[in-house]
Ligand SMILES: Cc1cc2nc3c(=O)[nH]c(=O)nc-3n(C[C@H](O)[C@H](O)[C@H](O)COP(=O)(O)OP(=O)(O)OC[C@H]3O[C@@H](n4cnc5c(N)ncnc54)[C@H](O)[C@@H]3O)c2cc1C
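Here we start with a single chain on its own, the form predicted on its own, put down as C-alpha cells.
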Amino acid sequence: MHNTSSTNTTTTPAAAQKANARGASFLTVQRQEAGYRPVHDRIHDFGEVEQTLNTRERKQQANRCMDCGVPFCHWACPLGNRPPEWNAALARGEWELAYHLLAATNPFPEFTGRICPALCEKACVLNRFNHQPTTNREDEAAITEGAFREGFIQPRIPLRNGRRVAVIGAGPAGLAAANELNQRGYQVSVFERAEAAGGLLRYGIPNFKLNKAIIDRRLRILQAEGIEFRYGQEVNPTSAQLQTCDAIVVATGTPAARDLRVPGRDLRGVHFALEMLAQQNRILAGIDIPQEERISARGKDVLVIGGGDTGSDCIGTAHRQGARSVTQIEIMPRPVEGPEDPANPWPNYPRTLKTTSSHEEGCTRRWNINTLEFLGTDGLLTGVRVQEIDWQPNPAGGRPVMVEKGEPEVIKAELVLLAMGFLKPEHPHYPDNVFVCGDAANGASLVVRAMASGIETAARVDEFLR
C-alpha cells in the first residue's frame, strides 16, 4: 500500500486539538479517505490501488468515532467487531492495544481491512447524521499493518487437548475455523485441492485489491502455531485419510458458477469470470500457463455480464491486460444513486450504485439488459445479441415480470466474462461429526460473513467434542 499525506480537513491544527480534547472530532473534522493511486499509474501494474494516510491523519480519523452508547457498527459486523474500542486506542496512539482489541473478534483484519464492504460504516451513527462515517475499514488495515511492522503479531502455540480435526478447504471460512480450533487446542489439518491456501482471497480477488504476500504472511503465522496444510488434496468427509479425525469441517465454498445457457455459449471467447481471475493470479504468482491456454483481454472488446464485485474485478483485470474497450451489463435495474436507499434505511446496508476503482479506470455500464445470444465466426466470439428490458409488477405477486423494450442490438465483443454469481452447493447427509460452514453452507456471500461462519462452526465443533 502506498503512503500519501493528504490534508482534507475543515479545521486548523489548534481547532482539531481542541475538538480531540473534548472527544468530538466528528463535529469539526471531515471524513478523509486515503483514496487510490492515479489511474494512469495503476492500470499498468497489479499493485494494490489503495493508498494510506500518514500516522497523524489516521489517528485523527480514528478520533472521529463518537463512542456511541448503542454502537450500530458492532451490530452490523458479522464478526461482532467493536470499532469504538480500537478506534479509541488508535486515536491515543496505543497501536498494540488497538490491535489486540481488533484481533479479539477478527482473526484476519489484514484481509477485511482491504476488501470488506464495511457494513459497520454504513451502520455508523455518523452515516445517519451526515453521511461521513468513521473510516473503520481503513483504520483496521492501518492498525494491523502497524502491528505486523512493530512485531506485535507473534505465533501463539496452544496446549493440545489430544483431539484432531480436519478442515476441507482453505478459503476464508476454512482458515477462520482452523485458526479458532487450533487456538482451542485441537490438532488441525487443512486439506486444500489448489496449490496454495486462500480460496477466493487468492484465486478470486485480484492482486490490485489484495496482494497475495498479505495472505502468505498470515499463513506463516498459522503454520508456526501448529496448523498443518496439505495442498493438492481433493478429499471429502468419507475419504480414508480423514477417518482418524474426531471431527471434520467442510469449507469448500461455492465452486459452481451460475452459467448462461443461450445459443453460442460454446464459442471460444466466452468464459466464467473466475477462469480469468484465477488464471491471472496464478500467472502473477509465477505459475507457467501455456500461451494457448491463457485468457487475455489484450486488444479486445470485452463484455462483462454481471454487475457485482466479481464483474468489477474483471473490469480492472481487463484494463491491466490491455483491453481495447470494456462494457458491463446487468439484467437488473440501475440502483439508486444514494447515499440513502429508501428500501433499506439506516442502519441496514444501502443497495445504492457502487462505483469501484475499476469502474473509474474506464467502463461503459448498462442496466436492464438481457443476453439473448453469443455470436461468432468459425467458432470464435465476435459479439453478443442483447435486449433492453423493463421490470413490471407481477399481477400474481412475487418476482416482477421481465418485458422487452425496443429492438435487440449487438454489442461487439471478442471476450465475454460471466460474472453472475454462484450456485449454492447441495450436500448429502453427513455424520454428526461433520460440520459445514461458510459459503458451502450459506451460498456465496461476503468474506467477513464466511469468516464469522468459520468461527461459529469451530465453536460448535468444540461443543460437540466436549
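Everything quoted here is computed from the prediction, not taken from an experiment. The first residue of the sequence shown is number 1, and the count goes up from there.
Here the subject shifts to the form predicted in complex with the named molecule, a form of this protein not shown in this document.
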Among 248-256, 89-97, 328-336, 291-299, which stretch has residues whose heavy atoms lie within 4.5 Å of the named molecule in the predicted bound form?
248-256
Whether Ala458 contacts the named molecule in the predicted bound form should be assessed with a 4.5 Å heavy atom distance threshold; does it?
no
I'd like to check something about Ile168: if you look in the predicted bound form, is any of its heavy atoms closer than or equal to 4.5 Å to a heavy atom of the named molecule?
yes
Would you check, heavy atoms only and a 4.5 Å threshold, whether Arg193 touches the named molecule in the predicted bound form?
yes
Going by a heavy atom distance of 4.5 Å, is Gly376 a contact of the named molecule in the predicted bound form?
no
Which of these residues, Tyr36, Phe422, Phe46, Phe435, gets a heavy atom within 4.5 Å of the named molecule in the predicted bound form?
Phe422
Using heavy atoms only and a 4.5 Å cut-off, determine which of Gly204, Gly269, Gly307, Pro71 is in contact with the named molecule in the predicted bound form.
Gly204
Is any part of 215-245 within 4.5 angstroms of the named molecule in the predicted bound form by a non-hydrogen atom, and which residues would that be?
Gln233, Glu234, Val235
